[in-house]
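For this one, two forms of the same chain are given in structure tokens, first as structure 1 and then as structure 2.
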Structure 1
């Protein structure tokens, strides 16, 4: 059984659409480090969650990256949402003409066992490096091991481009009302429509393709 560390039932349903019904949700509040990349936050969470669960786990971390703000709020998206608020972030971006943006999601997997070499596009050789540039491009996976004896974590990145608009729609959560993709905000999409194009769905798709042989 694969444990998805989340209390969001929507995330679990989305994962099941790619992985089948062998996914269970786990309510565990793992410590979320302050870091400048989603990869580091997710990897740390996956290691801690695996120690708690004692079996294969996935965690995810996601963020909104606004081009004109040099990727801000990025890994600080949740904090910025709770302090400035979604509508204020949207207003600032539109006032500055910084409307090009992307949602990114990192799925981090840990089962306590080593991994075979990544098929592509990243294999660090000594298993310790990070390729954040490849991750930013939405690459299939990266391996991350930061120190001797540290649990290996495999990362899967999904990204979806869009632009910041006036809030529209009553669905979704977080920044969904101000993020438009192909003419429709995430908050205007039905759940199945959003799942088909979302950053999380794209990361889950890559993970599912790899996990079937795990």
Structure 2
């Protein structure tokens, strides 16, 4: 059985509504490394979660990227939500006229077994891709180079563009009330409606298509 590993009930509601039966959610707080990309955080988390759970797992790392703030808070979204808070992030962006934004979600899958690397750089990013990138720069930086024997992880990315607005709606979670897509905030949508357009829905859809064949 596939486990969706997260401490976030909002994510579980969306994943259940998308993936249905056959997936169980596991409430485990895998360590989130400090990194400047969701891909690295998710890949690291998936390896740890697989070791903890023992079977096939997915973890989901997501963030809000505000264009005018050069993508901030991005991978730091959880920290910023817990410190500044969603309403202040929204107010700062609106005051600055920095309302163009996007949500990104990275689903990382790990079952401990090897699989063929995909030619897409994002899918190999935490294995061969990163080695190659480091080699190309002539860098031997150990935090970017994957150690031999590291568990393979496959990544699926989804993104959705939107606008930062005054908070509206009481559904969803996190930054949903201040994120509007096509005139509706994510907090005004039911989970199925959000899944149909969201970063998470898009990443889950790519994952589901691939997982059916595995």
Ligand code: ITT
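Here the structure is a predicted model, which means the values were calculated and not measured. Whichever C-alpha set is largest while still superposing within 1.5 Å between the two forms counts as the rigid core. Numbering follows the first chain given and starts at 1.
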item	value
Pair member which, unlike the other, is the form predicted alone	1
Rigid core superposition, residue 23 Cα moves 2 angstroms or more between structure 1 and structure 2	no
Residue shift check between structure 1 and structure 2, rigid core fit, residue 11 Cα at least 2 Å	yes
